[in-house]
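The chain that follows stands alone, in the form predicted on its own, written as structure tokens.
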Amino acid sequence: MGKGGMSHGGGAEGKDGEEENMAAWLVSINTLKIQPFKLPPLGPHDVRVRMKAVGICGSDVHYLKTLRCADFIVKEPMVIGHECAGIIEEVGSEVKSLVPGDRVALEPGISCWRCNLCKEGRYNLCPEMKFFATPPVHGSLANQVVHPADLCFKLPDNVSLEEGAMCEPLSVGVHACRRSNIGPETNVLVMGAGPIGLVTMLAARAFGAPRIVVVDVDDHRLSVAKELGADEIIKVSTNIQDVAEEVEQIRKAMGAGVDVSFDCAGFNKTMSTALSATYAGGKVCLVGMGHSEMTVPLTPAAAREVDVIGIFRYKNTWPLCLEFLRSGKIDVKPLITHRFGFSQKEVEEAFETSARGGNAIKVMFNL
């Protein structure tokens, strides 16, 4: 987990007959093993959390399949998982905000709080960030983890532990909406109806977007988007030649100008479509990271003063996510399509289910 920790041998019981902490380790390509995971000592501002709900993210699957995600490379065995919630087991001597038994959602990234970016409040961009399951930092698919108390957010009584774990993907959508200034006067286009496209759509609606059009290549994902509240859905092709025709379809479906487009896929074609479909003076927010390099019609978009915005993870989003969940403004429960326990067999099955896609949106572990 974010505070460190290491693997060690032995059975399921540690010394003094205590239950031994077990975790899902990524040991090589396509190989996950449940093995002991020794926790670091509890610092004065830390808490020990018993994990109860951990979701699988696309990045987790990437690491499993290739041992890398963008520029992050797994060079030695690593505990996987970062979308999580659990119950406080123990608190450090200086922790005043939490007590054992509290149910919490965990923000997975520990920034340095000393660099200029941290001091400016943009701690998500901290170069020293220690983030669950981003190598070489261990993740949270484990019985227990140690984490700073200030990154553990108490769940409202009517918000479940699974919903608490969903705050992590939801935070990406919330941060994207903040960066793009979504409000009651912004009509929104969402490219991609995967888990991040769907949470971005839900966040945009909670921020007040009056009209949302969702575009994807997959019928099932589009039907889910419609069920979750998209005003219009459009099935598109993967052929770059179809962009002009599809932009017309998008404009017709919106019935007004597209003020903000979220590209939640991040491919040549999706970004080209977003740039072309967005109204003069609007914004395109690149959320997905499909291609690291793209060839896109930037000049015509710039000539219409379309701003291109990037996002990286999130900052200060958990309180707002929890309030959206508490108030019912956002319901993430329909996104959780598959559930698994924490055994060797189920961990393997869960990752296979998530990687296969199909009708799986969010795959969740219940520990």
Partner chain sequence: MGKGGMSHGGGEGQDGEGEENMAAWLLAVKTLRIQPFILPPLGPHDVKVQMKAVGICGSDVHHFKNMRCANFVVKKPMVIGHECAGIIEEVGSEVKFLAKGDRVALEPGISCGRCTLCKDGRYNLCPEMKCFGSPPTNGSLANQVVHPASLCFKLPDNVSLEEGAMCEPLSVGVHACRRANVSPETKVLIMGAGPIGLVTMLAARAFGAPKIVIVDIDDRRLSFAKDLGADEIIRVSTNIQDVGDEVVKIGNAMGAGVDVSFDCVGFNKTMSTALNATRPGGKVCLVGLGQSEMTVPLTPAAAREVDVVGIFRYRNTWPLCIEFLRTGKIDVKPLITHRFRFTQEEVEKAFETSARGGDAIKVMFNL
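Numbering follows the first chain given and starts at 1. Remember, predicted model here, so these are calculated numbers, not experimental data.
Missing here is the form predicted in complex with its partner chain; even so, the following discussion is about that form.
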Even though the partner isn't displayed, in the model of the complex is Glu293 close enough to its partner chain, meaning a heavy atom within 4.5 Å? yes
Evaluate Glu323 for contact with its partner chain in the model of the complex, applying a 4.5 angstroms cut-off between non-hydrogen atoms, and reply yes or no. no
Spell out, yes or no, whether the shortest heavy atom distance between Asn124 and its partner chain in the model of the complex is within 4.5 Å. yes
If we define contact as a non-hydrogen atom of the residue within 4.5 angstroms of the partner, is Tyr279 a contact of its partner chain in the model of the complex? yes
Can you pick the stretch from 331-339, 304-312, 42-50, 56-64 whose heavy atoms fall within 4.5 Å of its partner chain in the model of the complex? 304-312
Heavy atom within 4.5 Å of its partner chain in the model of the complex - residue from Leu151, Ile234, Val95, Leu117: Leu117
Only hit among Gly255, Gly229, Pro297, Pro136 for heavy atom within 4.5 Å of its partner chain in the model of the complex is Pro297
Go through 165-204 residue by residue and record those having a heavy atom within 4.5 Å of its partner chain in the model of the complex; state none if no residue qualifies. His175, Arg179
